[in-house]
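Okay, so here's just one chain, in structure tokens, the form predicted on its own.
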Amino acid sequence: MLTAISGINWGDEGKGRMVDLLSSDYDIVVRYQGGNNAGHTVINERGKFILNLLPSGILREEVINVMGNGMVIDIKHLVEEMGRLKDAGIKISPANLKISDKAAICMPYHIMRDCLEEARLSDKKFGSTRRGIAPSYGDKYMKKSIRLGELFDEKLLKERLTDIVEWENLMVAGVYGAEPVTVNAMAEHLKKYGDMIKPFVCDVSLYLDEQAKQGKKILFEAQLGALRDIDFGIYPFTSSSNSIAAYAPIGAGIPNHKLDLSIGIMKAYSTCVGEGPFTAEYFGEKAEKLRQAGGEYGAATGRPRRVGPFDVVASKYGIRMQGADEIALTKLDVLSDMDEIEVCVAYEKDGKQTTDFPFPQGLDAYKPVMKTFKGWKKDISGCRKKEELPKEALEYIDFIAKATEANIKYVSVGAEREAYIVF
């Protein structure tokens, strides 16, 4: 059984919480793309955890966790993240964490270039987290990456690093006028943190292929959402990797296997971290009220998330891009205090309405078309059965399901692991 959990919208939908919940039914959890530029927040009986790189299954002792070849890994950040979890009593060893030898390393010069480019762009910036992700993926496709498997051959690593640093400095110093990086400093970085990571590095592709053939249940975990996908998102305000479910077997290392199930995650309202078009965005007091109610601040950066009503147009598109067989609707409880709840049901441009998601570069010309629903004005955080929800909440869920053509199976009514309802 191969299942992917991915985001329907702009990211921050609550994927980590759902992976943590559903991982009890799986043997292996795999992160298949992205870096430490986003985070998954998980709250369980052990406390609150923010994971940037590690798969959310790391919080369950019986689950094997894998970091796939589709990721770009900042080894310093990974060592520090592992340390924080170990300090909190989470067991991490090569027995329950395996890292692909084919994953690219996000280097200090990638972070430097990311920051330099955002500064150069000024008010035209893409909203990067400045953690080196775009330069890392750019170098990967330029064949300029250091991969984790290279840490085991010091002679070859030094040769490649020397050539790559020379090339990097053409940009760092030659283009941006910054202080050039040195081979020795980069070699020391790889030695210091690489030695701590090497025990976890292996041929993940071979391991997962064997496990899948044995019938083990594998859960693939994405970062961000469909609208941040490099191909299908709001380009160029996207991530630099494929966050769609179809990429999961490729980014994990087993392109010879196919998904059995795609589970999409979307909030009962809309949120967005970073720059780019966000058609149904709220502003001012209305935005701040929803942001405060939902605790909408980025897990990786702490940045206040942009917020708005549920967006039918964007969500219907995201469900199609993710090929979502089932949907988990999260944070329904956040709307409980509202007298009225708005939903963006269409986009309008030049007097014409559409429910089809437009070409990204033209999104700024569209305005949201709203429909208003009566709120339920009742605490639903204790509900555990569909029948316990207020009539207005059920009508809201039913409308979203029909409008987006979604099969809503899970509805979360609180941040805790068990605060959800199966429909």
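Numbering starts at 1 and runs along the sequence shown. Remember, predicted model here, so these are calculated numbers, not experimental data.
The same protein also exists as the form predicted in complex with a small molecule; that form is not shown, yet it is the one meant from here on.
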### Summary
The one residue among Arg291, Lys316, Lys331, Lys76 placing a heavy atom within 4.5 Å of the small molecule in the model of the complex is Lys331
### Query
Which pick from Met370, Ile43, Leu394, Ala365 sits with a heavy atom within 4.5 Å of the small molecule in the model of the complex?
Ile43
### Message
Based on heavy atom distances of 4.5 Å or less, which listed stretch (331-339, 166-174, 140-148, 109-117) is in contact with the small molecule in the model of the complex?
### Response
331-339
### Query
Might Ser412 be said to contact the small molecule in the model of the complex, defining contact as any heavy atom within 4.5 Å?
yes
### Query
Can Asp20 be called a contact residue for the small molecule in the model of the complex at 4.5 Å between heavy atoms?
no
### Query
Taking 4.5 angstroms as the cut-off for heavy atoms, does Lys102 touch the small molecule in the model of the complex?
no
### Query
According to a 4.5 angstroms non-hydrogen atom cut-off, is Arg305 in contact with the small molecule in the model of the complex?
yes
